[in-house]
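Shown here is one chain on its own, the form predicted on its own, set out as structure tokens.
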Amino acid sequence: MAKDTSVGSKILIVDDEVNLLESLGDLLSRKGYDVATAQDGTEAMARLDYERFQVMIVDLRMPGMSGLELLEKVRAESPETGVLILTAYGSIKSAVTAVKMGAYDYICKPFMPDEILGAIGNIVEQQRLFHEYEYEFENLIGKHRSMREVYRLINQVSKTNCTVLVLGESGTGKELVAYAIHHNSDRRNKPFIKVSCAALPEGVLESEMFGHERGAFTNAYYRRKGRFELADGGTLLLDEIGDMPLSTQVKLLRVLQEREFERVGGNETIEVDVRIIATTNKDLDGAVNEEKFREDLYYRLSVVPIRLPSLRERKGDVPLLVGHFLKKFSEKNNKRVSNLSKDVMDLLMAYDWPGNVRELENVMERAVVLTKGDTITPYNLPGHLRDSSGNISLWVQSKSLQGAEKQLLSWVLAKTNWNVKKAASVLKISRGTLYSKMKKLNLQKPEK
């Protein structure tokens, strides 16, 4: 049986089949949901201008705006809405694409009542949990499924003392995750100490971690406590653990196993009660295979691994982050910047963000500082971001106009990894026009 769900959750059903709208609407209304309907994507987007829904049920194939196009718009306009795709058996490949674009799941027609009720119940429950986590982990912004999994893991591991390994590219917010774990644990009133394993030379790092006795080395004029001692009772963050020298890894392994160590140049064994959280942007599996990282230490550290997604993997969170940074930097700089032009949001959504959330944060601060009015325009963005669509320069081999057009479109589609939105932006034409040209010229993404 489908599990019970939150009464009063608002659901929008979008389908061109009137019979389905009526029958599914009646079913959901009887279960206590607040149901609205739309017969196409344009009507659905019009409703989103003045109303917000917890769940949208969207048919994949509709006249005019397709389900995939509607999904893309919903992810940009209302990223908190969970989208459930309805599809015929023959369109499963497109439905899988929809899930990759941010849809919660897809259901094949015809479906059983319990099947769709169960899927909706799962979306509503995850949203309920997310809002709980959003309150607790307010410095972490994002509603993508991958971020909800991060929040779930933070909530679970915070109640324990286990060692955690946070994985992710630079700029994804690994330190924020570490602090959220500490802040929501029983150690919250104890120290949260950080040591950067990448910023310090080998000898200095060892002294920084374990401390040293007077006279242990040149210029060691006094005894100094290390980060492990300073973090006693609390949490120690080992930032960028993948850069730690092998000699120091051996000593760290002993501390993880025995919870004791000696200061550099000392004989006294010191016991500590410390919770370890490590972060890295390196591929530790590969480092282990290359014998650059100890396998036994790797397994000690990765009791619970938490992987942070890159920003390009959760593009639907960009509008949410933009709103957060817009408010933050407007207040910080005593400015009243409250809007972005549509061109700016299109540029932000099209960019791949190699520097992740940190890069987006820097871009938004710059934009707020430079704008003269209340609206950010493309001129307030860095040049590389304004030009992210790229300049086209290629040798056209065909002498016919149609052949040259086909070569140009093929080249741009390949350069944008067959992302039609990006390709259309580069070519400065609409996606509809590009789709028509692709069909006319028989351009199809090559099978892998």
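Residues carry their position along the shown sequence, with the first being 1. Note that the coordinates shown come from a computational prediction; the quantities given were computed from them, not determined experimentally.
Unshown form predicted together with a small molecule; subsequent notes refer to it.
**Q** Which one, P79, G211, G171, G121, lies within 4.5 Å of the small molecule in the predicted bound form by heavy atoms?
**A** If I apply the 4.5 Å criterion carefully, the residue I get is G171.
**Q** Under a 4.5 angstroms heavy atom criterion, identify the one residue in L140, A231, L84, C197 near the small molecule in the predicted bound form.
**A** The residue from L140, A231, L84, C197 that makes the contact is L140.
**Q** When the small molecule is placed as it is in the predicted bound form, which of 154 to 162, 351 to 359, 331 to 339, 184 to 192 ends up with heavy atoms within 4.5 Å of it?
**A** Flagged stretch: 351 to 359.
**Q** Would A95 sit within 4.5 Å of the small molecule in the predicted bound form, counting heavy atoms only?
**A** It does not: once the small molecule is placed as it appears in the predicted bound form, A95 has no heavy atom within 4.5 Å of it.
**Q** Give a yes/no on whether R145 approaches the small molecule to within 4.5 Å in the predicted bound form, heavy atoms considered.
**A** Heavy-atom contact with the small molecule at 4.5 Å: absent for R145.
**Q** Is Y298 a contact residue for the small molecule in the predicted bound form, using a 4.5 Å heavy atom cut-off?
**A** No, no contact at 4.5 Å.
**Q** Using a 4.5 Å heavy atom cut-off, state whether L176 contacts the small molecule in the predicted bound form.
**A** Taking the distances in the predicted bound form, the answer for L176 is yes, it comes within 4.5 Å of the small molecule.
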